[in-house]
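The chain below stands alone, shown as structure tokens; this is the form predicted on its own.
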């Protein structure tokens, strides 16, 4: 365990050298948030109006929070490095290292996004407080469950992305699958909460990764409800177990294929 903590720490220290690269991402982040703030301000011509049970402030905060999750956790390590390692054969060298390749990638990923996420979180909170105001009825006592949901959502998203990349053992290019996953996450999970969609589509979305990756953590911040919190956390725990098992299954099958073919 100590070696993975060291990998995480070393990666985090390295990312401190590239703070300006992270800062450049604030431009597109601010533009996206600014567009949605004005869009929802226009739609909510009456500030007291509710749309699908959400007030104007809640809807804007939902977008800000999901955008923070999107920009703060994006990482080429999960989508590019794994695929490149498999296609180039570099992964064969990693199999002989004194660490598990998958756990190594997870530790490296956490180290790379830790600083980025904190910076985007700070920027998003400042933008929200300036343009929208405080989150209605928010209580610091809910932070432990919110942080747990946030961590679970990040891990689930990471496992799913890694599982897609591991398909490179069998598929030449996994980019189309990453593209589909990203677009579904943006269109269905980031721009609008589940309740905005038609009644027939909501059960489908609630059974998808979108519900536990982006909607869940944001929902607990803007509209906390004890029963909803338990439902979201239970769904996240199930998805966490299933996504990790599938990831390890794909990886073990792929590694066996490498060994059979002589590395």
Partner chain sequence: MLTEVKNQLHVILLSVKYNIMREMTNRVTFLMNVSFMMLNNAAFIIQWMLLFRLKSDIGGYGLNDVMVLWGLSAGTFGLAHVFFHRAFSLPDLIIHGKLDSFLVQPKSVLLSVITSATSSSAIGDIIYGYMILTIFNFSFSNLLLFTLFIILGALILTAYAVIVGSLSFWILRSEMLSENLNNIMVNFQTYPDGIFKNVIRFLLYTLVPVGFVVYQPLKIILHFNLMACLGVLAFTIGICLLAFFVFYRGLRRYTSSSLMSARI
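Quick caveat, the model's predicted, so the values are computed rather than measured. Residue numbers count along the first chain shown, from 1.
Same protein, other form: the form predicted together with its partner chain, not shown, and the subject of what follows.
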property: Proximity of residue 93 to its partner chain in the model of the complex, heavy atoms at 4.5 Å; result: no
property: Non-hydrogen atom contact residue 21 with its partner chain in the model of the complex at 4.5 angstroms; result: yes
property: 4.5 angstroms heavy atom contact with its partner chain in the model of the complex for residue 97; result: no
property: Contact label in the model of the complex: residue 180 to its partner chain, heavy atom within 4.5 Å; result: yes
property: Contacting member of 70, 224, 54, 40, with respect to its partner chain in the model of the complex [4.5 Å, heavy atom]; result: 40
property: Contact residue in the model of the complex, chosen from 191, 152, 167, 123 - any heavy atom within 4.5 Å of its partner chain; result: 191
property: Residue stretch of 134-142, 152-160, 170-178, 101-109 approaching its partner chain in the model of the complex, non-hydrogen atom distance within 4.5 Å; result: 170-178
property: Contacts with its partner chain in the model of the complex, stretch 26-47 (heavy atom within 4.5 Å); result: 27, 28, 31, 32, 34, 35, 36, 38, 39, 40, 42, 43, 45
